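For reference, the chain that follows is the form predicted alone, supplied as structure tokens.
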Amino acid sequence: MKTGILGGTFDPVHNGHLAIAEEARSYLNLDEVIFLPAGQPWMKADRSISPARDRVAMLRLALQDKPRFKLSTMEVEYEGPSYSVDTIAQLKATAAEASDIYFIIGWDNLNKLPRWKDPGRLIELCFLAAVPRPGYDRPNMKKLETELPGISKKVILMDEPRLDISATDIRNKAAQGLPIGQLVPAVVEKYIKENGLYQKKWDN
């Protein structure tokens, strides 16, 4: 069993998230990809985030016709900040013994990994599938190896997809009443409109 984990605030989930999950699923021959919305991500403690109920609802809609994509509300059910290493450890403990977990992250976050909570344990628990992020260079694995020995053996650097879709841009467009139908699934666009999400200016 090979399981991909794609975490994020998903505020909102957009076509870029879905493209990343599908590329990783295909490239790594994953049996499934679990979307893991964050509750209180420690790296975004200074930013406004929509209520978990809305972010989860949008994910349910976006994934409803995609049988290989699953939703886990584990982190939104946490009390207090959530850390990837704790979540992956919990998922690993409940997975079948022979299961491999592939944590899907952006090139930008891979470069920041040495500053995460217990990164050494994280790379023991899972593989890291690093996907491109617009505006960020390909990670320097030699540098990362000096900061976090052993990481080179646990990272798969992917070169696709290269989509420049920003949740911040989507929120701002929605606040201005501009079309977002090419950026998010139709069911997500409908949810945003019907529930009046992002009706103020978002700058983060």
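Just so you know, these numbers come straight off a predicted model, no measurement behind them. One-based numbering along the sequence shown.
The form predicted together with a small molecule is left out here; the points below concern that form.
With the partner omitted here, the residue from 105, 113, 85, 101 that has a non-hydrogen atom within 4.5 angstroms of the small molecule in the model of the complex is 105. Relative to the small molecule in the model of the complex, residues 6, 165 and 171 are all within 4.5 Å by at least one heavy atom.
Interface membership of residue 119, defined by any non-hydrogen atom within 4.5 Å of the small molecule in the model of the complex, is ruled out. The small molecule is not drawn, but in the model of the complex it has a heavy atom within 4.5 Å of residue 14.
Remark: residue 184 does not count among the residues lining the small molecule in the model of the complex, judged by a heavy atom distance of 4.5 Å or less.
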